[in-house]
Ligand SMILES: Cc1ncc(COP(=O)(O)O)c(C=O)c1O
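Here you get one chain, nothing else, as structure tokens; it is the form predicted on its own.
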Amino acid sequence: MKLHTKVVHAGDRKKSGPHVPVTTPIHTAASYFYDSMEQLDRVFGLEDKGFSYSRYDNPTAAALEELVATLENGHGALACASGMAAIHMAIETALADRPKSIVAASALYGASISLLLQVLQPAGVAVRFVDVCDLDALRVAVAEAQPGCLLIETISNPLLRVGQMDAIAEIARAAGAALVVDSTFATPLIMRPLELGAHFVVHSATKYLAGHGDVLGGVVVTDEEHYPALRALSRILGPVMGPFESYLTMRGIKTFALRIERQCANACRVASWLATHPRIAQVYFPASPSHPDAATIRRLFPPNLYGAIVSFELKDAGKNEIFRFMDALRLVVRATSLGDVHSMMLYPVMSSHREVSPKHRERMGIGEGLVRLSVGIEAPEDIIEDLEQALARG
């Protein structure tokens, strides 16, 4: 079954009596009971399938988990209250029976860096950063750190680097480490990390999966080996997504493949236009022939799907110039997120990487003139017109 069909059908239409609802209902009950205590005891003990308490499992969340696991070709999934909760759950599960050491990509979302340095490292987890696009450097770092976990992004935030996922997975597996991949920017339409050897794939469901700016959530998908430990840890910590958010995410996913195709096409148009503008110093976009990872992108990405994020630098621009430019935008929304149907722009220094130290940002290549544009489904001519007038006025 093709992905475009899976997004419409997977997880839905469970028989719940003589009738079958065409979409998964919103199950708001916090707890469930059965005809006998003996049956409830078996459900609590995981001997029988069923629901007992919504911190453990919920029918609406379970339908979403089945859907996303199907899209990623994983064994099972866990729907969480946020993308960061999902990242945390994946890392904690990966390290449960492995050395408390992480080798992480030097290019990561700012909150992920903060999780590593401000939460996990003070708790005794060793953290080392490395350029995962440099396989030789990665091998050295893994050999020296002997990590229990590797953490990378499919497409890095915000400079859109792309590592050789399959080769990175081989390095992780040879070292006995679990590979955790944040694939929010790529989505299952562009890359499915579990198929390339990863152990965990994480999505911020807030972004492309839900797609309409009305959900906060995250999803972890994993393999058969790690799924029981992920669920067991979830039963204790309770990071679960609520039933309303689960429903909205499922509804959003039904059109996700169509939205991503449109957004990817729009992003190509916008990136090509920006590359010719005299006020733009540099454009970062995976379709560019001059992209440092162009060979990897050609090998691993489907044709004409490069993601819908375009990052670019304004010439000789600092914070004041960026603020004037962004204040002049009329159509593009100035907000801290991405993946919505409408185009959105943020200033990484102010938002996504605000908590990252200036020196770390400098090492990542994030300067004060960089902005990140999440391209929506609008007419591309209108997006370009808004950028053009903002560049002229700002």
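No experiment lies behind these values; they were computed from the predicted model shown. Residue indices: 1-based, along the sequence shown.
FYI, the form predicted in complex with the named molecule isn't displayed, but the following is about it.
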Next on the checklist: At 4.5 Å between heavy atoms, is Thr296 in contact with the named molecule in the predicted complex?
Outcome noted: no
Next on the checklist: Can you work out whether Phe185 and the named molecule are in contact in the predicted complex, taking contact to mean some heavy atom pair no more than 4.5 Å apart?
Outcome noted: yes
Checklist entry - Is there a heavy atom of Glu153 no more than 4.5 Å from a heavy atom of the named molecule in the predicted complex? => result yes
Checklist entry - Does the named molecule come within 4.5 Å of any heavy atom of Ala271 in the predicted complex? => result no
Next on the checklist: Within 4.5 Å of the named molecule in the predicted complex - does that hold for a heavy atom of every one of Gly83, Ser204 and Gly217?
Outcome noted: yes
Next on the checklist: Please pick out the stretch from 75-83, 133-141, 298-306, 173-181 that is in contact with the named molecule in the predicted complex, where contact means heavy atoms within 4.5 Å.
Outcome noted: 75-83
Checklist outcome for this item: Heavy atom within 4.5 Å of the named molecule in the predicted complex, from candidates Asn157, Gln263, Ser246, Thr93, belongs to Asn157
Next on the checklist: Going by heavy atom distances of 4.5 angstroms or less, which of Tyr284, Tyr109, Tyr227, Phe129 would be at the interface with the named molecule in the predicted complex?
Outcome noted: Tyr109
Checklist entry - Which residues within 319-347 place at least one heavy atom within 4.5 Å of the named molecule in the predicted complex? => result Leu338
